[in-house]
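One chain comes next, on its own, written as structure tokens: the form predicted on its own.
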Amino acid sequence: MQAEVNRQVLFSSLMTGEPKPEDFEWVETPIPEPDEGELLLRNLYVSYDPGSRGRLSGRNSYVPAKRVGEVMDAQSVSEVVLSRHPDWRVGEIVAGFHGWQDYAVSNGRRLRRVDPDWGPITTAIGVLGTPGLTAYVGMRKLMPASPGQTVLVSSAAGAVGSAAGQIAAIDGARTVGIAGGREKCAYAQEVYGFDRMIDYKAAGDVSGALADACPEGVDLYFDNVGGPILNAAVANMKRFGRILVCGQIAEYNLEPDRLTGLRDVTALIGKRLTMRGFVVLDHAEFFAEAWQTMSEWIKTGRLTYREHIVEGLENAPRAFCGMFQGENFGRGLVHIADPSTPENI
């Protein structure tokens, strides 16, 4: 049923340490009215993203710090319910960045149509959204693996890591993943096709476990977590190895003076390592290729994915907080509403 008000979740308190549901506020506002050249969107699914945490403590990230009192940022799949824009029609399903709320007004910028031939509409902000694009651009364009090389991926059961490992395998690499818990490790090996998995929660000595799994060393490390696992990876890199830094979820909740960081910087010299950080939004020139290629891989079964869908906008804050406790398994999404037309489901 269509909401009679616009329910919104606001970012209401600067975060210190682990995020808490109390850091958000639930409000109800009138449904906004689009002006000429704008359209009204009804959100169907929104995301919850670990990368958002970095800017919720008042510190700038790759985007400016989030201001208290604003609607919480998120990627979104939405339906056009009213259009005063010549390029968009009512009933179209679109993907964009319209936050934790029922309705949003858009001028059409940063909005793209969701192609139903590519799969369920949720994939537009999942495996074919920022997580999948990040994996594709990183593994195919910035630091591609060669056949026979060993690629190590942390958070290998997550939305980015699982796609990165599968892309590396498609390109002929041997893949080793790190994840937390027996279930996630088994799933990543059986479904995503990792050659070896390391359960960092059970391993104790992650560096030693890596040495056993990668006796000849690691050629390429796709880093999603930072912290102690980054240091364990550096200890096991081959000479002239490469490290691609995508995320640092182990560090996001720490104050600057408690960050673990990279401890053995001299290893970059001794091993002649290359270490590069990246944000996929800087590489939009590769998106069309990525969408086309990955959608074909999905259709042919070469690329698979998993989504962790939470029901109800009111549960978005709790889902976000639980993500940092390892509660989600796959791409984190919140289901708000269904499309008005069955063919768009």
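Owing to the predicted nature of the structure, the values given are computational and were not obtained by experimental measurement. Heads up: residue numbers just count along the shown sequence, starting at 1.
There is also a form predicted together with a small molecule; it is not shown, and the following applies to it.
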Consider residue 323 of the chain shown here, and say whether it contacts the small molecule in the predicted complex, taking contact as heavy atoms within 4.5 Å.
yes
If we define contact as a non-hydrogen atom of the residue within 4.5 angstroms of the partner, is residue 74 a contact of the small molecule in the predicted complex?
no
Residue 68: touches the small molecule in the predicted complex, heavy atom cutoff 4.5 angstroms:
no
Look up in the predicted complex whether residue 78 has a non-hydrogen atom within 4.5 angstroms of the small molecule, and give yes or no.
no
Using a 4.5 Å cut on heavy atoms, which of 280, 303, 316, 39 is close to the small molecule in the predicted complex?
280
One residue of 143, 169, 249, 209 in contact with the small molecule, assessed in the predicted complex (non-hydrogen atom, 4.5 angstroms)
249
Just to confirm the contact call: exactly one of 81-89, 225-233, 261-269, 209-217 touches the small molecule in the predicted complex at a 4.5 Å heavy atom cutoff, so which is it?
225-233
Among 51, 130 and 331, does every residue place a heavy atom within 4.5 Å of the small molecule in the predicted complex?
yes
